[in-house]
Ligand SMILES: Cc1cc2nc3c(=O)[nH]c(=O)nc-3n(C[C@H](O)[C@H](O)[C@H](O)COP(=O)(O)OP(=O)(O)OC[C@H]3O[C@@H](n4cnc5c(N)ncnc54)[C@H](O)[C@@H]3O)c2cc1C
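Let's start with one chain on its own, the form predicted alone, as structure tokens.
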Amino acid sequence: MTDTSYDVVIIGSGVGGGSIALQLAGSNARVLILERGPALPREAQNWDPEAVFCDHRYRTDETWWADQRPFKPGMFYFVGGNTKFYGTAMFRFREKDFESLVHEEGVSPAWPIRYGDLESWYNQAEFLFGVRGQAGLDPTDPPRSSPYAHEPIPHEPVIGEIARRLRAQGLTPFPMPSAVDFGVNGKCVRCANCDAFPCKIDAKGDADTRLIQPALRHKNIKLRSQALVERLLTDATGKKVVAVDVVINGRRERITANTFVLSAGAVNSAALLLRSANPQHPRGLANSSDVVGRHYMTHNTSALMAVHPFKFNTTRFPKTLAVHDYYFGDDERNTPLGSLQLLGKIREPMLRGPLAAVPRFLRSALASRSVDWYAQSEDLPHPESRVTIREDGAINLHWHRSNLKAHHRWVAKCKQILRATGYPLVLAKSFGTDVVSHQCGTVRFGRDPATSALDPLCKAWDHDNLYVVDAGFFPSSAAVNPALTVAAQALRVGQHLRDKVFI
């Protein structure tokens, strides 16, 4: 066992950890990033639907449990985290998303910060990720101090016609903000292999290309991949984290540091804190409030295939359009429904799981004629929706579903909207516990140590030098993708660390 000492150890190389690392790049701090996965190989299979969706070439082979049911979670452990496979959607939360908001089946709690606290950091995050969009068209758009640096990705013909038909219904579709290096001198070739695929030409604005690689150009930032952190260790008082036990390429090491940033993702960060229980913290680190692992959320989501039997969809990159007209409610109820955005183009191999009983020729016919959408509603926090650790050390994920009435109403309304665009058949498939791509809420921040694990700058109340900076800090999930909000808060926390600790 070897001892190595750093000023800062960052656990995880996704949006949270990568943003912290980039903020500390060039400072006096000696920073080590620990990533449990390897660098993702650049290979032909990156863009092969058979390899990605049928063979699960890149998906973790670990087993989680949903109470008594084992399952393989949709997790990807590589440098850059799950963003290597994300769909590039980069939304800001709405102003009201930071406030207490009444829903049909409960209340979404207020955050300890407001939109204004993150607005400038949203600007910086959009710039870093190369987000393309157009402000002012989304009817729920929060105020901005600066426009997008890049124009939105233009619609292909089929999507442009759908946008026209949505406007004819009185709706206000808008360009979906996407982190893609598209346009003059851009790397993007507008292929069909973006959403849920790794980009083998580095055109996707993921945490690896936009955060980790730039940070590593500075000599004070180091990365060790294939490094699985097993435990966080504290001093005798329990107030200070002093080391991590980590297995790197099969060899166990103990690494010490002055400051630790945990950014392993909402589920794994909570699990690591629980596994790190000691006599001073028998319920796990950062957990005197007993909220660690609780309030798990991951959005209520459904995929919709709008199908016309006589129209082929030749669109290659469809993720250019979204609808927020009913985000905060409709004429029937003044409670939120959700967002509607385009998915990447579905192809036959992607349907083999959900439509296994359907003949292959029919799956191919559906995929070639469909326009594919993603309906998303807020998942409300519940204390019994939680991450726990089984006796064998495996993760147990109990998802207490909430706000489903609103989601079902939203899916029904989405079907009406899509039929009115000229697609008579709309198929819907909801996502279950296995889909954890929008995981959040398990290490919530707040202003009261009795009801939260972290303070408003994501420092653990219980420890002087531990920060948790991934979507685990979310008190609520809103109804838009979480990546940009994680990045904005991480940039804010990273600047705080640089200014207050490592000037």
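Remember, it's a predicted structure, so these values are computed and weren't measured experimentally. All residue numbers are counted from 1 along the displayed sequence.
From this point on, the text means the form predicted in complex with the ligand, which you will not see here.
S.K.: Name the stretch, out of 257-265, 307-315, 424-432, 363-371, where some heavy atom lies within 4.5 Å of the ligand in the model of the complex.
M.R.: Correct option: 257-265.
S.K.: How about A227: is it within 4.5 Å of the ligand in the model of the complex, going by heavy atoms?
M.R.: Output for A227 is yes: heavy atoms within 4.5 Å of the ligand.
S.K.: Tell me, yes or no, whether Y296 is in contact with the ligand in the model of the complex, where a contact means a heavy atom of each within 4.5 Å.
M.R.: No, Y296 is distant from the partner.
S.K.: Determine whether any heavy atom of P349 comes within 4.5 Å of a heavy atom of the ligand in the model of the complex, and answer yes or no.
M.R.: Looking in the model of the complex, residue contacts with the ligand do not include P349, since no heavy atom lies within 4.5 Å.
S.K.: Answer for T60 alone: is it within 4.5 Å of the ligand in the model of the complex, judged on heavy atom distances?
M.R.: No.
S.K.: Ok, N82, Q124, Q213, T234: which has a heavy atom sitting within 4.5 Å of the ligand in the model of the complex?
M.R.: Result of the distance check: N82.
S.K.: With the ligand left out of view, which of D208, D138, D195, E378 would have a heavy atom within 4.5 Å of it in the model of the complex?
M.R.: Only one option qualifies, and that one is D195.
S.K.: Looking at the ligand in the model of the complex, which residues in 60-74 have at least one heavy atom within 4.5 Å of it?
M.R.: Heavy-atom contacts to the ligand in the model of the complex: only G74.
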